[in-house]
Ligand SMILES: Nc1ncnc2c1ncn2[C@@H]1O[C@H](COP(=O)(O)OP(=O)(O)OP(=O)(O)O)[C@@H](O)[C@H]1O
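What follows is one chain in structure tokens, specifically the form predicted alone.
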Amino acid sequence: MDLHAANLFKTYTLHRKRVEVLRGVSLEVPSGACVAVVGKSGSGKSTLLHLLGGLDRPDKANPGQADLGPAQVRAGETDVTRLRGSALDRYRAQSVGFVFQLYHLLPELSVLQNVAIAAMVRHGLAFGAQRGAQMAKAAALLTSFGMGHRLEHRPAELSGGERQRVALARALINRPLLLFADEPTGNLDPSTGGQILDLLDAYRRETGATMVIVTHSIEVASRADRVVRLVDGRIVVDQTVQAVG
């Protein structure tokens, strides 16, 4: 699924002060490609990822930049910026997978439940005839990630690498064609981080999914097809990994 973003502006108000986070970002990611977004803390990387995935919305107006046209995020034939309510929920549940640095696992649920809940939300199966099938699907995916012996454990009982495998399984259980990863190896040692990247690469090869990954790591960025550098909310570099090297 190709990804198109145009004229993305985002401003927040912190302590009564306006902070311009994104200042007219436009980006094209062809179907099946992987783009790494790099830049210093505060440059707008995570905000861009949230706008692409429908977790947040771009500003409606571009003050002083009316000639640029309206902000838009399009995934395939879907204009994400026009989605509301249940339509936006379906987009996120069916088309998008998110992997975060801090995992965001539910501490009161088991490993198996944390992964299965994503499938149940998509299908509306909190309780129902297919609940067992979704639990089995989650168990099979976790087992393929080397977590079959941890299905009934709680997140607090896992290592950082194990938690990230669970978070990755949760992101992939619905077979999304768009995958967004925000510093997915930031809390992991190099060996464990490499294993997580291998799983991401394998999924992209298998499914043809499109991936955008935010990272501070040169090694992580080197695995992408292209590298985009953000500085003060603007793209200042957009080139292939070969050109970067």
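Remember, predicted model here, so these are calculated numbers, not experimental data. In this text, residue numbers run from 1 along the sequence as written.
The following text describes the form predicted in complex with this ligand, which does not appear among the structures shown.
Q: Though this ligand is not shown, can you say which of Gly42, Gly194, Pro70, Gly186 has a heavy atom within 4.5 Å of it in the predicted complex?
A: Exactly one listed residue reaches within 4.5 Å, namely Gly42.
Q: Examine Ser46 and determine whether its closest non-hydrogen atom to this ligand in the predicted complex is within 4.5 angstroms.
A: Although this ligand is absent here, Ser46 would touch it in the predicted complex, with heavy atoms inside 4.5 Å.
Q: Using the partner position in the predicted complex, report whether His216 sits within 4.5 Å of this ligand, counting heavy atoms only.
A: The answer is yes: His216 has a heavy atom within 4.5 Å of this ligand.
Q: Wondering, does Gln101 line up within 4.5 Å of this ligand in the predicted complex on heavy atoms?
A: The answer is yes: Gln101 has a heavy atom within 4.5 Å of this ligand.
Q: I'd like to know if Val21 sits close to this ligand in the predicted complex, meaning any non-hydrogen atom pair within 4.5 angstroms.
A: Within the cut-off, so yes.
Q: Just one of 33-41, 173-181, 204-212, 186-194 has residues with a heavy atom within 4.5 Å of this ligand in the predicted complex, so point it out.
A: Correct option: 33-41.
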